[in-house]
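Okay, so here's just one chain, in structure tokens, the form predicted on its own.
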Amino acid sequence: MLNTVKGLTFDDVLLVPGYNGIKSRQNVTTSVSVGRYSFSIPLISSNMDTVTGTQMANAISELGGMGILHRFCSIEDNVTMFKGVHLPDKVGISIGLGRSGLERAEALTKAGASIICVDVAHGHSKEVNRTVRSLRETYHDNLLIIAGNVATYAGADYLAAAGADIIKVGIGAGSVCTTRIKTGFGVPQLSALQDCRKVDRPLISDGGIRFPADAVKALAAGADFVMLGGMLSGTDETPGEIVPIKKANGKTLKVKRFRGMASREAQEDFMGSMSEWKTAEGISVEVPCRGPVKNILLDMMGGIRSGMTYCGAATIKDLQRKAQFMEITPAGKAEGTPHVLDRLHVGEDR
């Protein structure tokens, strides 16, 4: 017999409203502090090559969040990207593992970077531990080290023991990730956060965010930050060319490329080819151009602030302390979405 536990994600639950003594949602505080670093909003742009380059990093950091530059380029190009940021203390860089990762870290710290994300698909591994330990031993407390990804208490604790300051949580929840259907492994994001929050480290919820409500639930479940990838795709600030596509009706749709970093396309671009012993764990898609990223970020923060007042939370820590989750049925989920057209359609049938 299988020894199983139930895993829950964002659509499986609602937050139960509670007493609110806050006069206005403008009065809540969404800031997050980690050591000497402070961010006025808990949003991070994903370190994907179709999401965060210099423009995106500047846009989100100037609104108070954190941008993490992708690493899928030469070290020299990475340094150039970082030198273009306006707020170095609000922008992180990414590295891989081993000697090449440490060489990238050395070049970027010399350029002024002090936030480093050790970024791999499966962070509960010896090589990630070694890389985090090497960074900590070399740079001591001069770096803010983010490490991931993990989805369990054991994985989060392992990275914390290695010296990580922030743990990135999420296995297979991303919108262009196929890890779960290729490998069968993963933990639904809400359950992953609730397990990892047992570790005394700030958490980044990475993956599965489609609406402001998902971000509110992630924060309530224990995340200190929410990482956005698909939600920011196609915006003006994302890297990549705008491509016009002619539709069947004769109209032209402008699109941008958005892809998982474990997709075949990404692997072929940066590795030359995909090894025969590997499989792609991501996909590549074209998404419609969506205008300035500021509009999406402001909408996200409006939802987060409003969500905090529904349980009278003045801070994110208050939200985590006061939050009460209720598991819901599919009918309960459907009830909470706009359904006026369904009602009108039923009326027409009558």
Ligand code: 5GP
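Residues carry their position along the shown sequence, with the first being 1. Since this is a predicted model, take the numbers as computed values, not measurements.
Although not depicted, the form predicted together with guanosine-5'-monophosphate (5GP) is the subject of the following passage.
Only one segment in the set 157 to 165, 222 to 230, 248 to 256, 78 to 86 has any non-hydrogen atom within 4.5 angstroms of guanosine-5'-monophosphate (5GP) in the model of the complex, and it is 222 to 230.
At least one heavy atom of G282 is located within 4.5 Å of guanosine-5'-monophosphate (5GP) in the model of the complex. Not displayed here, guanosine-5'-monophosphate (5GP) is approached by I209 to within 4.5 Å at the level of heavy atoms in the model of the complex. When contacts are judged by a 4.5 Å heavy atom cut-off, G260 counts as touching guanosine-5'-monophosphate (5GP) in the model of the complex.
With a 4.5 Å cutoff on heavy atoms, M66 does not count as touching guanosine-5'-monophosphate (5GP) in the model of the complex; it lies far away. Contact annotation: of the candidates S94, T235, T179, T131, the single residue with a non-hydrogen atom within 4.5 angstroms of guanosine-5'-monophosphate (5GP) in the model of the complex is T179.
Though guanosine-5'-monophosphate (5GP) is absent from this view, in the model of the complex it lies within 4.5 Å of a heavy atom of just one residue from A173, V199, L144, L135, which is A173.
Applying a 4.5 Å heavy atom cutoff to guanosine-5'-monophosphate (5GP) in the model of the complex picks out N149 as the lone residue from 141 to 159.
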